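Just one chain is shown here, as structure tokens, and it is the form predicted alone.
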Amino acid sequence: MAETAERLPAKTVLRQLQDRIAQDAWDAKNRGEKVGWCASNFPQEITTAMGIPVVYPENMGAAVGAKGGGRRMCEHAEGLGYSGDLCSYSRINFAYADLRSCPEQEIPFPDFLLCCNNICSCMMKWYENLALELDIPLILIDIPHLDAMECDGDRVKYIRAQFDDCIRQLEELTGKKMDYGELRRVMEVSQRSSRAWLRAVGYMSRTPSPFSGFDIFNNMAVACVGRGTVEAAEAFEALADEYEALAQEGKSSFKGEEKYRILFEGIACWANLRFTYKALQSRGINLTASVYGPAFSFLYGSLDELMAAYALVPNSNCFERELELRVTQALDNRVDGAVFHVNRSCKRWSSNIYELERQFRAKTGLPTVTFDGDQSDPRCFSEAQYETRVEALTEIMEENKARKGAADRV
């Protein structure tokens, strides 16, 4: 009997799957199929079920930032007249649309655009501008910002009508027809992927956490680009199983002793990811709570529930629900403090961050600090400021832990 091949680590499988999905889009483009550019929180169930290849400019923006090309691409876009106040993902994308080349990462050019404004209003203008510049169709699904804790029936009907119209337009654009039996299958697979991803990140609640929370940032891409595929579901299940095994053994991939646990609020600083991680890790601080990674899981049953799920992504929520998400994670995962990223790119995420921080601190009693940064433009990040803020937080957490230890001994 042949020996069983050694199983690759789940993170390696996820990286290979991400690369394969990207290559599949290139292959489809080379075959003459129509390929789209798609917003990250657009209902991927539609394109997956219809077999329509799409790529994600936001993912490209993160990759370009992480590989050191963010400043160059942003400056090129600014030279074209785009404001430096715009999202760095959009500036990188505008530069790519003009240059048609990027050594850090390239994606096939689109025949159509798919946008959903449950992320931010910038997405609409970004994609409208691309549609004009590239002279291609734009399909928009408008998901109004929630003013309540739940998505009501009228909103569901409004979103569902656009969902159905999007399918009709894609059928006309691509010549591919929607198979609703396949859509139900994709929905089931997407749920499987989402549940496995949530189970994996949920192990951050263990003490010690079986992994560094920065692993979420490194492993989350497939949750965006491929969660409707069986391969993604299997990879996330394997990742969750690996974390479970580490947790049962009391082991962790986090390098060093986990002295303190924090919530990290906001999008990762891709251009400064190593520095932001090392400044925490060197002080024994592990990231064990974040709403960013888990946000790419969508749980639902029926088609109508799918509509509601896409209305409940973090940036589309009412403030009270956003606050509740952070407070619940912090308490459930027993963090000692929180770091809030004031992201100069993401105006929607950062517009209420000081009030979010204030109320978070009031409800949890935990110390917090903020720092200025950006998801892919390194010019907005100061290593000295970040070090100073993290050092201050460390001193407060150390003092709190010493006070608690003294009280326990009394």
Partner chain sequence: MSELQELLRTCREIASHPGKACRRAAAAGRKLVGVMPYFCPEELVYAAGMLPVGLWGADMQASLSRRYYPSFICSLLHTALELGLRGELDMLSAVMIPNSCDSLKGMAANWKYGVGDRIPVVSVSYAQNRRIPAGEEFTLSQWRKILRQLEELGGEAVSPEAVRAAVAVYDRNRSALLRFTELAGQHPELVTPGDRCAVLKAGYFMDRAEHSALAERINALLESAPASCWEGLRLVTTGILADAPALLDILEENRIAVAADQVACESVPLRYLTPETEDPLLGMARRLGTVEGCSVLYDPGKQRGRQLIELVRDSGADGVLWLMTKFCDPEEYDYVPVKRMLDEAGIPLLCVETDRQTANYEQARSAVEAFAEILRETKN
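Small disclaimer: the values here were computed from a predicted structure and weren't measured. Positions refer to the first chain, counted from 1.
Another form exists, predicted together with the partner chain; not displayed. Remarks below refer to it.
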| query | finding |
| --- | --- |
| Heavy atom of R31 within 4.5 Å of the partner chain in the predicted bound form | no |
| T328 within 4.5 Å of the partner chain in the predicted bound form, heavy atoms | no |
| Contact test in the predicted bound form: V342 vs the partner chain, heavy atoms, 4.5 Å | yes |
| Distance check, T370 to the partner chain in the predicted bound form, heavy atom within 4.5 Å | no |
| The partner chain in the predicted bound form: contacted by all of S90, W126 and L138, heavy atom 4.5 Å | yes |
| Of L299, L99, V230, L80, the one that lies within 4.5 Å of the partner chain in the predicted bound form (heavy atoms) | L80 |
| One residue of L170, C120, V186, L312 in contact with the partner chain, assessed in the predicted bound form (non-hydrogen atom, 4.5 angstroms) | C120 |
| Segment assignment from 101-109, 81-89, 174-182, 247-255: heavy atom within 4.5 Å of the partner chain in the predicted bound form | 81-89 |
